[in-house]
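Heads up, what comes next is one protein chain in two forms, each shown on its own as structure tokens, labelled structure 1 and structure 2.
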Structure 1
Amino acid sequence: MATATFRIWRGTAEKGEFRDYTAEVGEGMVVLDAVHQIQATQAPDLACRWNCKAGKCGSCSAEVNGKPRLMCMTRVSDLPLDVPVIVEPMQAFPPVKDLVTDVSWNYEVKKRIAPFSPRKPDAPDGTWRMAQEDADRVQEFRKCIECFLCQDVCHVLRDHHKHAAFIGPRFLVHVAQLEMHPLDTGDRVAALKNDNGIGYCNITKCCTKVCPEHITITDNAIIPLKERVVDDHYDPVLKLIRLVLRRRG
């Protein structure tokens, strides 16, 4: 059977190094398979996160040959194998061990965003009516598997470490999902500007490119949110109208 070299980051928060492992490569194999093979046969203490192995849970995020990817959805046959395949942890988060990083910041950020608050039910039985086309718009955002690859690639977090001031693309998608939710009555526009730091995003679109769920993060989520922020700022009347419309639902 053919083999390939996997150059995997091994280490802790304090120190680490790349180490080379040889793995057998079979048909259809993905990078996560190689990591598992190495774990089972050569390095049982090699740390990585995974759950579904089908691109549905967003656990196995890492950087493969320098690109933020889900390891379970990266086919080995799509990579050049004459050189080592480099596998390292996401760079925008503190390292824990090997391929595992500390992503707890993301969970804290989400808690700060005002939760969903629906309008009064439309029907006496306590249910709502919603057209599919209105659902479509937020369903795109709700596909997010919280892999945090977009957070990893965003230069505001990765290079400028603005974690305290900027919530990152994942949570702008989350806010967009709430703001455009057909039933929601909350208003998160002031928070977007002040607490969430939407102004830091300069629309480089790197986040959209890495999203494994193909969410059009910049065009569909961030830009419309930026427009709302601008409208609110420069046009208080528009803001008032929108608030009234929303209350009426």
Structure 2
Amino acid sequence: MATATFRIWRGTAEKGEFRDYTAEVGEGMVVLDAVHQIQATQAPDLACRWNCKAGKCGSCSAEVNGKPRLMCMTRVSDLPLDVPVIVEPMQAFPPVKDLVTDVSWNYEVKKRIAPFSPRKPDAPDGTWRMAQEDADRVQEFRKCIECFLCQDVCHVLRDHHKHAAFIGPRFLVHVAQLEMHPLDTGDRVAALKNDNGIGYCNITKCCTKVCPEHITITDNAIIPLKERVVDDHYDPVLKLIRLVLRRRG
């Protein structure tokens, strides 16, 4: 066993500071283990949200050495221990206490997105028919555990605080899951352009890099949605066709 220093943010929305704690670290240990050890031995009032400790609930999202991570999936052995390990709350959401942030904004955003609207069954037995490749296309997006690390790393939310105008990468993935579903009949393209702020995303792929489920957020979800917006609203050929049709009508 070795001893490591963990510099943890303590405080509320009103005020706070980093405090140093030491923890005994060993093989296989993750940052969440160290936080629990510090809670048990030195800071019983340290607030930390967690649930499964298996990288599937998304609860223990935080920032470790400046990078959005799941604490339960961040091995201590992968971090430099000759300097303090800095653990702080996500920066894109309001702080509640210590490592806990208020992520309720995300759930309000999800309510605004038009829900799944399937077409009528197309088989005599009341079921649907679809190509396997069409079904496979959206399966990747269903892996999201809503840890909101992609929201936290997004500069539009983190640095520019455009929460009122931009839904963020997590919900662009959700819209992609709906828009690309072979049974869905909804049309969310106008909302992407006018209400959801897809134009703010400049596809830096930072969201893809932090996703613990390895969803290819930028290439497979955001860029195809941007292409749909361009096709519907900016394509010069389509604009000409619409103009001609209006004049003929």
Partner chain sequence: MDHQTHEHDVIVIGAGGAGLRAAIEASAAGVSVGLVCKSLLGKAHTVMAEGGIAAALANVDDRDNWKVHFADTMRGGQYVNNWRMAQLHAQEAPARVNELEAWGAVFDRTPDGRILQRNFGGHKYPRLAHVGDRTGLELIRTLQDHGIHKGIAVYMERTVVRLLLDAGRVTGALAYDRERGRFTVFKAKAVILACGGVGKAYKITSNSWECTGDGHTLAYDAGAELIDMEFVQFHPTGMIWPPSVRGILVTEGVRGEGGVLRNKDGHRFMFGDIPDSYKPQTAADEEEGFRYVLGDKEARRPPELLTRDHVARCIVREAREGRGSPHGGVFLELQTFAEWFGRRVKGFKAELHWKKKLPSMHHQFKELGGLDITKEPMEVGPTTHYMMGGVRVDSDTQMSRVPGLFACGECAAGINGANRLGGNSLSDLLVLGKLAGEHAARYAKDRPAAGVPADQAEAAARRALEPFDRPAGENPFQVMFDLQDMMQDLVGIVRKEDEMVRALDGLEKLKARAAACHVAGNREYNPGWHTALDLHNLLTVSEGITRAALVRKESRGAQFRDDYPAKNTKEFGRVNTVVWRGPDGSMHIRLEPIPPMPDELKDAIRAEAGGTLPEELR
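Every value quoted in this text rests on a predicted model; they were computed, and no experiment measured them. Just so we're on the same page, rigid core means the largest C-alpha set that superposes within 1.5 Å between forms. Throughout, residue numbering runs from 1 along the sequence of structure 1.
Checklist line | Of the two forms shown alone, the one predicted in complex with the partner chain | finding: Form predicted in complex with the partner chain: structure 1.
Margin query: Is the shift of P124 between structure 1 and structure 2 large enough to count as movement, that is, does its C-alpha move by 2 Å or more after the core is superposed?
Written below: Where the cores coincide, P124 still shows a C-alpha shift between structure 1 and structure 2 that is 2 Å or more.
Check: Does D78 move its CA by 2 angstroms or more between structure 1 and structure 2 when the core is aligned?
Finding: It does not reach a 2 Å shift.
Check: Fitting the rigid core first, would the Cα of E108 be found 2 Å or more away between structure 1 and structure 2?
Finding: The answer is no; the displacement is under 2 Å.
Margin query: Relative to the superposed core, report the C-alpha shift of E133 between structure 1 and structure 2 in angstrom.
Written below: E133 is displaced by 2.6 Å at its C-alpha.
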